[in-house]
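Presented below, as structure tokens, is a lone chain in the form predicted on its own.
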């Protein structure tokens, strides 16, 4: 599958803001020359350009954009054209204040910043449709335009009267009767029972803010609002030309919306990745962004686009560090290894003012190509040209699936238990993912609703499956019965999709599959620890210790300390033709790496490179090629299974290869 069928090639470029430089025509001319020099072949144009495109209500000015797109096309550069809905112009906020959001304190925002529009506002929707339609009619057929970029980094929610009414309608559709809402929200507690739909308000810091089920439903509603707005923009531009695909750039493991749901409203998934290199352990940082790349690929089971990254540094972190030599190429190859079809940046040229005037860019305030950053970017452009044969080559079909579910994450956060609001769902998933990523195993992600058929996998991992929904219990049961290997962890099967705790033993409907049931949950402070004793090994435990009882399961590991020392912590149970493992505590990475290493070997799951890799080095497969990456600040020697050719340097290595600090190579078998 090609993300951009009008231009089926790795995209290299980034956010381009010519509307900020219209008073500097010499800069706009120089941009084309520099883009060509940096091997840039596509740029995103029009993001946040509403005030230039429609300086007065109903009066469009496309002359400047005509000239920019024509100039880019003449220079051989393609355009990802954005709709400008991420930031409305001042005249709109002044004339139609209802387009501005109302916050959690029920106060309306003033004009300023971005992403503070009300998604329910009829006026905002009307103005958005109008400018989107005008853009589509003018540019959808332009040969330079290869993709629609809808808005920018959707985020947040609104509590204005219109959104409140939409929330009530959402709940009425979900629950039908008010009595059912009261039952599922358990409103008899604290005498919170509703007797009229008009009494239901969004959760807030000044109203009802302690009901977990209410909060999860609000997040579901906010996702539905965003999805509907995105679908409205998509429908508007594609009414002119349905062949031009649509994307909307997402953000890491973003809290506000369920991305599996939101992705249904777009043709192509793209996202903005900003790792914090050289702040801590770069290998750990790389692993969590590799996970998100795999997650983005999994949202629609197709290649994705890296829409934004920094060519050097950002300006919004507490400490903003530049990339050390080698890191830019290495970090740009990371998304390609996980299935991306682009390396794009924010931003092409540093602005002279505004909030991001000191954010990294390909071209700095000096306006020259004589910088380390520009040379690093050019090197990536050259690498993408060498890797062109891999463009439409996907990763090999994964034999491992991990469950990642936004609604489950919300439910854990709002549940008011254990380490309150700090149960670290994302961190737990990442730690399990990291062990498999290190092994060079391809991994798909599914949420509970999407994992309709697990038969293609040998191993399914479901960390902290606190909420069960979408019939997940039956899906997992069938998977194990038919010969699959299942891994589950603490908190499994505790509550249902309706927000109510399951009655009876947990994990709900899976106690016989796992051969255990849970009894208590103990959580630890950051200074406290326990241990897991399994075989001759001892591993440290932190944060969470679940007390379980083994019914039919084999006890593989036990707790080492506290009053539950000697009780089960790691179990295995045979069920049907398969087996199910249960890990009752949060363990250190070393234990997970060793444990998953044994599972992968036993299941004979393919690895990118069947050799032991030194610390900091990881190998990932794509299209039969091996992306060998060194995230250590020192060189590493890697043993090879045979003669291999590096596509980036066109050199052949025999028995081993030396990777410099932050080095990367892309290897194929050498004839």
Ligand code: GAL
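Quick caveat, the model's predicted, so the values are computed rather than measured. Residue numbers count along the first chain shown, from 1.
This protein has a second form, the form predicted in complex with this ligand, left out of what is shown; the following refers to that one.
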Residue (of 546, 444, 308, 258) lying close to this ligand in the predicted complex, criterion heavy atoms within 4.5 Å
308
Quick check on this chain: which one of 359, 572, 183, 174 has a heavy atom within 4.5 Å of this ligand in the predicted complex?
359
Determine whether any heavy atom of residue 346 comes within 4.5 Å of a heavy atom of this ligand in the predicted complex, and answer yes or no.
yes
Using heavy atoms and a 4.5 Å limit, would one call residue 64 a contact residue for this ligand in the predicted complex?
no
Indicate whether residue 274 is a 4.5 Å heavy atom neighbour of this ligand in the predicted complex.
yes
Residue 153 within 4.5 Å of this ligand in the predicted complex, heavy atoms
yes
Partner-facing stretch of 351-359, 456-464, 190-198, 581-589, counted where any non-hydrogen atom is within 4.5 angstroms of this ligand in the predicted complex:
351-359
From first to last in sequence, which residues of 289-323 have any non-hydrogen atom within 4.5 angstroms of this ligand in the predicted complex?
308, 314, 316
